[in-house]
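First, one chain by itself: the form predicted on its own, in structure tokens.
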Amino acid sequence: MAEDTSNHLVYWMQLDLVHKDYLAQIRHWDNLKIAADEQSIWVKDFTTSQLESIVLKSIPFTHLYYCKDNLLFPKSSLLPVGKQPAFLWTPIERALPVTLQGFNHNFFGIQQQQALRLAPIEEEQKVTVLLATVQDAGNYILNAPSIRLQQLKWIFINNKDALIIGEPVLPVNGRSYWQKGRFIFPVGYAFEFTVLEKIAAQQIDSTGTHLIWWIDEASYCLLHPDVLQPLSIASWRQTISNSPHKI
């Protein structure tokens, strides 16, 4: 069982991405969590014994910091180097190793399993996207004041669902999503390793023109912004009435 760290300062270790393979030495410390930016890998939640271990000290090119009052301090220093960065953290055993395979670029109804998957994350996200059935969404939209819909856009999907993007999110039942850049993720999920966002975006859509909607943790589709239309009672009625299927 890992040592309780609740009464200690939280220590972070920083390592340049080019040296990430050295982390294999501590992958078995399952209490650790990992995050990344474009240049570095960050590791946190070390116990006291892990901080003093020969295994950790043998990893080259590392920098140790501790967090206090939302500031980041070099280990053994009283002068902060800056604000504590905000990351999406994932358990170390899930983040390492990471493999990135090819993708299938179908538009809707994707069910293929991908080597690159999403993983549960601890941080809360702001819901800005809703997937709801046409019946549930329509019951609200057709009786809503127009000002309530002004900031929203939507698309009719598979003749049965509506994907609605924007705030404030409609108060109807549905599946909630959050947006980060061009990615739309299910709430509670993100990439296992955040550094993969830039790589994945390039491989999935090299044009950089589409939204990448992860329907669930293992499947996605591409949405061009031009397919989204402003949400209004008129656009809703017209789209639904033109559907080849009775709603």
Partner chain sequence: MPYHFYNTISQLRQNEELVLYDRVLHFSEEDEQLVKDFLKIEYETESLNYPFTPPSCNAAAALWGAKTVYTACQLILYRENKEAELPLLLPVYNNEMDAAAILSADLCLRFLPQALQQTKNIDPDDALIAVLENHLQQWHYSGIGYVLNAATVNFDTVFANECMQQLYIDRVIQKKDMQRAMLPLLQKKITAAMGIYSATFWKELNSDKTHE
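Positions refer to the first chain, counted from 1. Since the structure is predicted, the reported quantities are computational estimates derived from the model, not experimental observations.
What follows is about the form predicted together with its partner chain, which we do not show.
- Under a 4.5 angstroms non-hydrogen atom cutoff, its partner chain in the predicted bound form has Ile233 among its neighbouring residues.
- Under a 4.5 angstroms non-hydrogen atom cutoff, its partner chain in the predicted bound form lacks Gln229 among its neighbouring residues.
- Contact between Gly82 and its partner chain in the predicted bound form is not found at the 4.5 Å heavy atom cutoff.
- Its partner chain in the predicted bound form is not approached by Pro74, whose heavy atoms all lie more than 4.5 angstroms from it.
- Checking Asn159, Ser176, Gln151, Asn173 for any heavy atom within 4.5 Å of its partner chain in the predicted bound form turns up a single hit: Gln151.
- Site annotation in the predicted bound form: the residue of Val169, Val134, Leu131, Leu88 reaching within 4.5 Å of its partner chain with a heavy atom is Val169.
- Contacts to its partner chain in the predicted bound form (heavy atom within 4.5 Å) from stretch 28-65: none.
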